[in-house]
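Just one chain is shown here, as structure tokens, and it is the form predicted on its own.
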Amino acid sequence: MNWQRPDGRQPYQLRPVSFEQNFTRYAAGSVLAKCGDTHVLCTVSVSQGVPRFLEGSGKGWLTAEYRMLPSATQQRHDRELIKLSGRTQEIQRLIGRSLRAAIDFDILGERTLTVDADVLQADAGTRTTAITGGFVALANAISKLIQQGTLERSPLTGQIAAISVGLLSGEPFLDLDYVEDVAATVDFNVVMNQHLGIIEVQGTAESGSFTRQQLNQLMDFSEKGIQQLLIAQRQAISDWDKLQM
């Protein structure tokens, strides 16, 4: 029996994607990223100085924090105050690793960029939306640093976007919502750059196993989705041509 998508999308179709920029006043870059009913507020702050292991190197750094609001899901969950869950730590490390792949830290200098991803509403794909929206917020922050004269040129080396894929009834599907994410027998998160070079792949069989052919299908779907996200990012960043190295 073939899986019927709850929203009627084709297997290879993304949910509607949008980036509402300058969503907050004080962050150097801020974007409300929406992927269907998943809404993530992505902000970027800039501070002088770097972690101790980089002091005196002339290189900058990027780190990320991820949180989910208590009411982001159907049932309220407790705030993570002191001790972060393993899931939260894993996701914010993924966001940081992914976005660091787009920065030349020699050009950034000894500054730290902090990307905050706060999930306002969750319908699966929160980490991939945080990465894709976080890149747009990062580009906005760098644009502001150049306008202020803090940076002479952009340290951006390219784009980063991420998407989820999975197997439902043995077939590949792109950009899973919550109902699909729960039902999927195989679930992947894929991060790529503008050349479709792979930054990271997180994937597992929730039950049973999957074949090499199915893996290839999932990666093909990922490429198609990320190509669309890269276009959406460029369209959202008004001065993208000036930010490319």
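Start at 1 and count along the sequence shown; that's the residue number. What you are looking at is a predicted structure, and each value in this text was computed from that prediction instead of being measured.
There is another form of this protein, the form predicted together with another copy of the chain, and it is not shown here; the text below is about that form.
- The candidate site formed by V17, D181 and L230 is entirely out of contact with another copy of the chain in the predicted bound form, as no residue has a non-hydrogen atom within 4.5 angstroms of it.
- Only one of 87 to 95, 128 to 136, 161 to 169, 142 to 150 lies within 4.5 Å of another copy of the chain in the predicted bound form by heavy atoms, and it is 87 to 95.
- Contact between Y26 and another copy of the chain in the predicted bound form is found at the 4.5 Å heavy atom cutoff.
- A residue is said to contact a partner when one of its heavy atoms sits within 4.5 Å of a partner heavy atom; L120 meets this definition for another copy of the chain in the predicted bound form.
- Contact annotation for R52: none of its heavy atoms lies within 4.5 Å of another copy of the chain in the predicted bound form.
- At the 4.5 Å threshold, heavy atoms of A72 reach another copy of the chain in the predicted bound form.
- Applying a 4.5 Å heavy atom cutoff to another copy of the chain in the predicted bound form picks out V201, Q202, G203, T204, A205, G208, S209, F210, T211, R212, L215, N216, M219, D220 from 201 to 221, in order along the sequence.
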